[in-house]
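Here's a solo chain for you in structure tokens, the form predicted on its own.
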Amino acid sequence: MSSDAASTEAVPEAPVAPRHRGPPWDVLSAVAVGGALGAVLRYGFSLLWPHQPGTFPWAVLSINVVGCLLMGALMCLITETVTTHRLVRPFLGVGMLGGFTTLSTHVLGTMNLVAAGHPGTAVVYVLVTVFGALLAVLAGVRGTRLLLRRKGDAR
């Protein structure tokens, strides 16, 4: 049979999934609940490690770096290793870690450092946050892969 003949044969149609109508309320709810929990965790962390305006915001830096580390580990787990429920990523990734980390507070802290007469410290804060966050994601991914590989070797 030639390839031309094969291309003209009728192909049975695959069943069509019902079209989703309306907003995906289950996904939006997972993001909302996760985001609320992440924001509460961040607020609690900031109460444990407060800082005055114009001083180095160590708590926000730590929150953002830890959040990026956890995001790297989570993405490695749910994209490379385990099959999870479809709401795990919206709940943990977009919601919880999205609510835990904060760009707006980082920018506010940077502006407060500049307003307090510490522009050099503000630049250091921005650079440490950006590179620390990138390295934290990388460490989360690689650390998770290493742990999973060791777990697989132990079997």
Partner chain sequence: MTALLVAVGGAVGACLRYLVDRHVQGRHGSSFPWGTLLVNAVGSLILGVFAGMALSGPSIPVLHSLFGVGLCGALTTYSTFGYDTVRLFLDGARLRAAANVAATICAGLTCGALGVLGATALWGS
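Here the structure is a predicted model, which is why all the values come from computation and not from measurement. Numbering follows the first chain given and starts at 1.
Just so you know, the form predicted together with the partner chain exists too; it's not on screen, but the next bit is about it.
Asker: Please determine whether T121 contacts the partner chain in the predicted bound form, using a 4.5 Å cut-off between heavy atoms.
Answerer: Outside the cut-off, so no.
Asker: Is there a non-hydrogen atom of P57 within 4.5 angstroms of a non-hydrogen atom of the partner chain in the predicted bound form?
Answerer: Residue-level check for P57: no, no contact with the partner chain.
Asker: I'd like to know if L146 sits close to the partner chain in the predicted bound form, meaning any non-hydrogen atom pair within 4.5 angstroms.
Answerer: Because no heavy atom of L146 falls inside 4.5 Å of the partner chain in the predicted bound form, the answer is no.
Asker: So, in the predicted bound form, is S104 in contact with the partner chain at a 4.5 angstroms heavy atom limit?
Answerer: Flag for S104 set to yes.
Asker: Within 93-125, which residues come within 4.5 Å of the partner chain in the predicted bound form, counting heavy atoms only?
Answerer: In sequence order, V94, G95, L97, G98, G99, T101, T102, L103, S104, T105, H106, V107, L108, T110, M111 come within 4.5 Å of the partner.
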